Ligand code: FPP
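Presented below, as structure tokens, is a lone chain in the form predicted on its own.
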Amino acid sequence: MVKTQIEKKYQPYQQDLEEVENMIINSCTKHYSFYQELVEPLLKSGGKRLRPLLTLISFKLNSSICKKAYPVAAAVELIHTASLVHDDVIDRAELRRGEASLNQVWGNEISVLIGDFLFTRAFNLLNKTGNREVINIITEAVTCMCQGQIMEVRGKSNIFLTQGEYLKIIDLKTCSLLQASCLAGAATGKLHSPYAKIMADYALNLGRIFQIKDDLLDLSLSSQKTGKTHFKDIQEKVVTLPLILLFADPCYGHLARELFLKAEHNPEAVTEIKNIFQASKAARELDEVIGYFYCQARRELEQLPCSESREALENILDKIKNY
């Protein structure tokens, strides 16, 4: 059995997550000669396993034995991993979780095919459940992820991107799979709809916090801490919320927009953007936005009965906010 490292506060889900991890690996190993060289390092490279954890917690809101949720939890993690592989190709990323990315080692062609392979293994697991509702939930989420990624790529270099447009993009590309993880877990456990909607609304706000924090880390921390290439968003001309707020700053906005448009091949411009972001009002405004979504997620959880599951969801929210 694969042993996963999990924080003490999530220990009640330790055995379930280990079973999910085994299912992920077993779904990709059988009869695939390239597994050990190409796929195994990817699946064992770490990761928070946030999506399968949300699936298991949502299932346990109405059921005590998680076995029926294992294939669904494994599938959402495989879909997430596949999307990261494709994202790294699109972004020309060099690092993933502190190691050389798959595309950096094997090239784009192999990486795209491995991402496709992981998608097929995920839907193979889902098909075996025979649960059409769950399959529809996950399929719709993957459609949303693609739509959001397309919107992000088409919006590159758009220094006039609005906060509303940014939220639409991250709701699709990031939040949709988190929501689907909760909804699919709830559907598998036959959780009635009011609580399922609460879980989806919680996951939406959790996902917004997660993505905004990730965008901020790209601007403020080194690759040694994030495990990803530093300043990649700026270099790839991706307009994120930290940049949107900086562009709107009355003192620094005009300079920030000029620097951003020439930052792709100009390391000095990238560094200057980081410096003026820290000096601007944008950092404080970003904290306020994160605080708002945090309060919204907390309000959703207050509607759930007190339980081990609710406590776990609160802990996840706090961890993401303080990431």
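The first residue of the shown sequence is 1; numbering continues from there. In this text the structure is predicted, and so the values were computed from the model without any measurement.
Note that the form predicted together with ligand FPP isn't included here; everything after this is about it.
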inquiry  = So, a 4.5 angstroms cut-off on heavy atom distances: do all three of Ser83, His86 and Ile90 pass it with respect to ligand FPP in the predicted bound form?
reply    = yes
request  = Mark Phe119 yes when one of its heavy atoms lies within 4.5 Å of a heavy atom of ligand FPP in the predicted bound form, and no otherwise.
outcome  = yes
message = in the predicted bound form, does Val239 come within 4.5 Å of ligand FPP, counting heavy atoms only?
response = no
inquiry  = in the predicted bound form, does Val134 come within 4.5 Å of ligand FPP, counting heavy atoms only?
reply    = no
inquiry  = With the partner left out here, check for me: in the predicted bound form, does some heavy atom of Met145 sit within 4.5 Å of ligand FPP?
reply    = yes
key: Single option in Asp171, Asp214, Asp201, Asp249 placed near ligand FPP in the predicted bound form, where near means a heavy atom within 4.5 Å   = Asp214
remark   = in the predicted bound form, the residue from Ala187, Ile234, Leu206, Ile79 with a non-hydrogen atom within 4.5 Å of ligand FPP is Ile79
query = Tell me which of 145-153, 178-186, 102-110, 241-249 has residues with heavy atoms within 4.5 angstroms of ligand FPP in the predicted bound form?
reply = 145-153
